[in-house]
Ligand SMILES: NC(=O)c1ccc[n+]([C@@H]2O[C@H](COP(=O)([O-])OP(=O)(O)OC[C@H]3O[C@@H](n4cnc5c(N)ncnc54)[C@H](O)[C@@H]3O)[C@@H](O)[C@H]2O)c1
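Starting off, we have a lone chain in the form predicted on its own, written out as structure tokens.
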């Protein structure tokens, strides 16, 4: 019998908790928002972020890191990317040398431009650290719809242990050693999803969305290769797969936010309207600065960053992209 402590009671953390509980594991959920936890405990449902998905009896709501992690075998971090550092620091005193550590957030830290595994290196033994990512809406996972993801770790045994922990007849898991590629694919696709939503909000068609997704993937690959990722990773679940699902579905909060911006809403108001963390808004800033720092051309990321800051209108962004000098496709 495994015990898993889940740090972060948003939609994704809750959905993964249901997968694990469905396998018979003991799951304890903790979040810094005590009132949110009390609502979950009273209703046995995450009515704030994942309504309609009942919590199994073997999911326990806890009110401290210590309570969630006592004698646990695995700790799963599902805090928003910009809060991963503080979540890791708060949980570290209660994480033992025997625990496996999973992070399922997708983003790049603002200011430092660090991937989340680079932050994790400051706190944990990376031979026990695993990243889980892929095309996986919480709304579908929580309802047991077929889903496939990848787990990445520098330690193949750790990746395989987490693969075994999660695998079900509705949740399939692959392993890879490319932590950099998996993290960048999951983080950067949120920026392109904002762009896809903006294009939809402006009334453009499938041609525009296909172009944004394809050229968006090209610039994700350029940055990824520059930072040491494997090119083929971006053709897989955590690259193309996650890009497709995030750019095309109304489950995607990044696409929904972009849709509102494309319809004319102020970016700040669009985030408030979505009502949950829109990681692409933060990752756009970090990726824009990181690309300039390492000398990688990312024109779509560039214009989306300026749109999210209110420095460029959506229509001007399209004109800039369409008016760029001619190039070879592989350039």
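Quick caveat, the model's predicted, so the values are computed rather than measured. Positions refer to the first chain, counted from 1.
What comes next is about the form predicted in complex with this ligand, which does not appear here.
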> Which listed residue (115, 256, 137, 128) meets the criterion of a heavy atom within 4.5 Å of this ligand in the predicted bound form?
Replying inline: 137
>> Just to confirm, with a 4.5 Å cut-off on non-hydrogen atoms, which of 33, 293, 269, 66 contacts this ligand in the predicted bound form?
In response: 33
>> in the predicted bound form, is there a heavy atom of this ligand that lies within 4.5 Å of any heavy atom of residue 80, even though the partner is absent here?
In response: yes
> So in the predicted bound form, does residue 305 come within 4.5 Å of this ligand, heavy atom to heavy atom?
Replying inline: no
>> Does any part of residue 61 reach within 4.5 Å of this ligand in the predicted bound form? Heavy atoms only, please.
In response: no
> Does residue 72 reach this ligand in the predicted bound form, with heavy atoms at most 4.5 Å apart?
Replying inline: no
> Of these, 170-178, 197-205, 154-162, 103-111, which stretch puts a heavy atom within 4.5 angstroms of this ligand in the predicted bound form?
Replying inline: 103-111
> Which residues, if any, of 297-314 lie within 4.5 Å of this ligand in the predicted bound form when only heavy atoms count?
Replying inline: none
